[in-house]
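Structure 1 and structure 2 below are the same protein chain in two forms, each given by itself as structure tokens.
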Structure 1
Amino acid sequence: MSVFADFDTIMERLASQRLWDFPGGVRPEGQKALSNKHAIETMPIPQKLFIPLKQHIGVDADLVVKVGDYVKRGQALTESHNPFALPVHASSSGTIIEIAPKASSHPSGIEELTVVIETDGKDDTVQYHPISDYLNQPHSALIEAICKAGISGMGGAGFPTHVKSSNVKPIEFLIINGVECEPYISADDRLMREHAWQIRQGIDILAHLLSPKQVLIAVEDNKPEALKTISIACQQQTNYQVISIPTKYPAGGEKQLIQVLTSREVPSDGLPIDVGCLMYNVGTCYAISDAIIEGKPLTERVVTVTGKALSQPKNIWARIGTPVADCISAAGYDRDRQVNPNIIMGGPMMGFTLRSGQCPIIKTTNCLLAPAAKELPTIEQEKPCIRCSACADACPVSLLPQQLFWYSKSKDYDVAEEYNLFDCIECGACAYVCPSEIPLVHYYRMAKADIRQQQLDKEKSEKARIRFESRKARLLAEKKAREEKHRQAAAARKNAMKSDGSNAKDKIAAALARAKAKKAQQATIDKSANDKSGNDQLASNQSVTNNPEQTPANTKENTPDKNEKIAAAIARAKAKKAQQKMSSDIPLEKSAESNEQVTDNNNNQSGNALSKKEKIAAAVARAKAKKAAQQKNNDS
């Protein structure tokens, strides 16, 4: 367990310019002089702008423009209420000619939905809404303005700035990162030299928002001019301190800079805020100042265009969405100085090779590097690791890269995680020093991606497993419940059987009695049924009498005779038929049914007395009646 220095100790040490150090690190040649000699130049407006909808860590916002729309500079192309979404803006005026997935400026080269604007050269802007009296504004209004300006961290990772600034925890140190430790890059250097005042304004806004105890502005000691200008800009503020940091890569890494300034370490599963620190890049401060004081959204940034394959390496103000090819040709790209065309976005340590010259400048792009043939050594072939541990000596977070390599290569991911694979910041120091030229970081990235995929798969199969098991458990429980019920029933029966003999005898007697009673009942029912049939016959006769088409023969005798009965049935049927015919032209099925029912009832009631034949005849009649009714229905 190591314990961090407290605020007062840190302040004491900083006052005497004594800093801490981080382990490892490397000192590659700076090469900053290539590009930092001249003032930042403004590029002509490119003919086409390719603006990807997502340029930060977080989620996409929703598109609010369509093909054919005319947009002005600073007009938002997307909108969202999701706190992790950032809008993107048109960086010049023109017409949207296409909205389609295009190769993105991302190491994977994956396609990203991109708005293509054909510029008209007028560079018309929307009306900006500056907040000049920000001290009197509520914090929420400022944070909203920062969000609406589309600002994400401009040092590299691209974390939405408004999210970071909505912090509510107490802050001891607000750290402004002007270290720019990676070789070749001089964008922040030039920005600090030329726009120190705006940066200072941005810092003021952040300090107002976050109210830290102390503001530390860190600049690497290989940028003396920037140190001087920023010191002058900040000299009136009593709690601002500009600190010169020894040049060592990766001193500009967030975790490393916190360690250098405060000795504190961001917990592995935590954030800088957990150790009382918040860090912003100088470029972000500039953008914040622009967004609040001028009301301008983020539509351009400083990009170092450098490398010995360019005749005029320089820093440029590049609009977001400018194709890389435009930028490098503006700096005099000479294809013949390279063996294979090779443009790196970012620095030589952490940058990535671009797949296409069409890839746009995005909010996090700080450098374009076009190295000449022998400028950066070509990696020939990976040789076996000799476990020299030069990598471990260079690792700024005290990992054992040689072991991680071993376990990543053999896909022994559990052990790789045990060796803290996910604490790797991918700074590339290990691969830089490796005498066997092993692309270590590449192995770690692959391992990390694999592990993430495995975790996803695992979660999925875990869900499936839980579902399956709960189903199994449910079925089992049901089965058990059933068995239990059966068992209880059986037990009850058994108990009943087991109980004393007299009881059993009683039961038998009772059963016998029940059976007898049933028989008797049956007999009575039969009797009454016969009586009933007689009555029914009478009733039917009566009803027939009511009918105008009745046959007088039916009324002659009451005695149920076979022939007579048949005749009666026929007569009934006929009567019915007639009735139906007479009834209106819209006989409802229901009415037909109810008629039938009536007939049925009649038949049933008389059924006991009627013989088979009669029954058949009745049924035939019924069927006919039904058919007729149906036909009628159909007709209607």
Structure 2
Amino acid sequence: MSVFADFDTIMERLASQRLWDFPGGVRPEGQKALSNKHAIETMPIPQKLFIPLKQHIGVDADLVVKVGDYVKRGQALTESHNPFALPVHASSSGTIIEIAPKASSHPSGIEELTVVIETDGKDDTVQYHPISDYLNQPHSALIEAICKAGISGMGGAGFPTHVKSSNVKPIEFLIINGVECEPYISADDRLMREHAWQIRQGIDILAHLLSPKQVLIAVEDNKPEALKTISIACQQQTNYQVISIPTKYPAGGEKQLIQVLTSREVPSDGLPIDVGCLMYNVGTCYAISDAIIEGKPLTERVVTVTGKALSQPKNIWARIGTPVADCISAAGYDRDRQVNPNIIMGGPMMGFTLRSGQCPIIKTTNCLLAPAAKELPTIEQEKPCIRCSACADACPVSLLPQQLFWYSKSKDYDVAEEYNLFDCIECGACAYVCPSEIPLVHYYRMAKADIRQQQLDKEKSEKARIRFESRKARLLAEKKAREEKHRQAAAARKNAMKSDGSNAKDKIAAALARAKAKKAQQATIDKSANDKSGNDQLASNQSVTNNPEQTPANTKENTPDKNEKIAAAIARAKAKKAQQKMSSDIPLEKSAESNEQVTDNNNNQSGNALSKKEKIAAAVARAKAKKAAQQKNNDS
């Protein structure tokens, strides 16, 4: 386990310009002179800007614009409350003509959701809100301003700056990285030469937020002009120290630079804050100064456009979203100098070949390299590994690239992880020295991508399993709850029956008795209604018989209602039936006499033994006989 040097020991060694070193590393031939001789130029506004929604480590923010909207430079196109989401801004004024997946500036070349702006050339800007008195503002206000400006690490990593600046742990060293160790890139070199004061302002803001014991500004010794200008800008700050770093690749790596300056090694699964350090790129410091002092969001950056396929290599201020093809055209791209079209984003060591000239400049783009034929080592047919161990000697992280290559190629990822695959910083030093021309970093990147995808799939599967089990448990709990509810209801009914004094059977019998009594009562009421209806009908018939001259109108007035009609009809039917029964024993010619005799007997003998129904039937029969006789007389 490494023993850290304490603060006082480190300061003594730095004062005497005695530094530490990191293992491995290479010294490729420098080509910075191609582009660092001239001042940074400003690119013309492109006709179209392609602005991807995600240009940093973290998550996408949410769109707040739509197709057809007119936007101004500095206007936010996205926003989010997620701490790992950064907004992106319009780099110039114009109209949004499309929001769709487009080719990304990424090694994979996958498409990413992109806002396409057709510029109008006016470059109208939104109103900026600077914080000139930042020393009197709360830290939260400054961090929020840095976040709203959309600033991420501009040295290549792209980690959200406001998240790193929200650190609450005490730190000893705030390290400003101006090393820029890639052999072709000179963007930070020119930025330090021309804008050292703005960089110093950004450092002041970070020192105010983080309160470090010491600020260390590291510049590689192949940049003497930048070293001089940044030293002059920081000379008034007693706790700022500008340090010249020996030229060695990859001295600009975060862990390697911390080791060179402090001898402290960042743990494999740790962060610089774990060893009392925080690091920012000089480009990031410049952007922080713009965001706080000027109120400007991040809409442009310095990009080195270099390579011998260009007639005018240079550094340019490029708007975020500018197509790569426009940038290399501005530097005099000569297609005839290349065997095949080949544009590399980044340097020759860690860069990657773009799949399209429409890929845009993003926040982490620091270089576009257009190499001429034979300028860079040609990628020949991969040869078998000769086990020379040159890759292990060059590895700045002290890994075993040969073993990592074997296990990555055979997709034995578990063993590759045991050999600390994810500690690889993909610097390319191993591939640079490999005599067999094996693209080692390519295998490592593919293995990392596969492992991440497997982990993602595993997490999705685990989430699906948890959701299934949760649903199953919920349904089982609901079923048990229903069963328990029914059980309690049944018990309550049983207890209620027991608490009552009567037996359940007695209650049922009593209910049946009540129903029968109600039914009998209803039958009695119906019978009384029928009797009354029959008597009323009899009286009506007698009245008609005794008054043959009664008009139809008078008869209609005496017509009973519907219920009475029904009752009368029933009575007539019963009388007819009784009459037919009587007729069966009496000759037809004597029926009238018999009817009259029966009528006289009924009138004279009140104590007759006939039943009530028979009396009604007889009366109805007499009425019909009289009516028939009257009708016969009228016809005659």
Partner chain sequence: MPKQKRQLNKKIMTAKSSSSPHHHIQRGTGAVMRIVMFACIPGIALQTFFFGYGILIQVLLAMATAVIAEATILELRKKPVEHALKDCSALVAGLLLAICLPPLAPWWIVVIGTCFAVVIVKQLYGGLGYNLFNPAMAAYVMLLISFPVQMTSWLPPAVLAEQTIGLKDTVYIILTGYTSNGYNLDQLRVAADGLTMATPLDHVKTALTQNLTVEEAINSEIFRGSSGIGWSLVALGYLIGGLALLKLKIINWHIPLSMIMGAVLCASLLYLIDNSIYPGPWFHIVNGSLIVGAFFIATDPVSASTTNNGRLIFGFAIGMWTIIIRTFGNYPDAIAFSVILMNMAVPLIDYYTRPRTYGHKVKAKSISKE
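On a predicted model such as this, the values are computed, not experimentally measured, just so you know. Sequence positions of structure 1, starting at 1, serve as the residue numbers. C-alpha atoms forming the largest set that superposes within 1.5 Å between two forms make up the rigid core.
- Two forms of the same chain are shown on their own. Structure 1 is the form predicted in complex with its partner chain.
- Here R572 counts as shifted, since its C-alpha moves by at least 2 Å between the two structures after the core is aligned.
- Once the rigid core is overlaid between the two structures, F468 counts among the residues whose Cα shifts by 2 Å or more.
- Core-superposed comparison between the two structures: the Cα of A617 travels 2 Å or more.
- Once the two forms are overlaid on the core, D457 shows a Cα shift of 4.5 Å between the two structures.
- Fit the two forms on the rigid core and the C-alpha of A517 turns out 32.9 Å off between the two structures.
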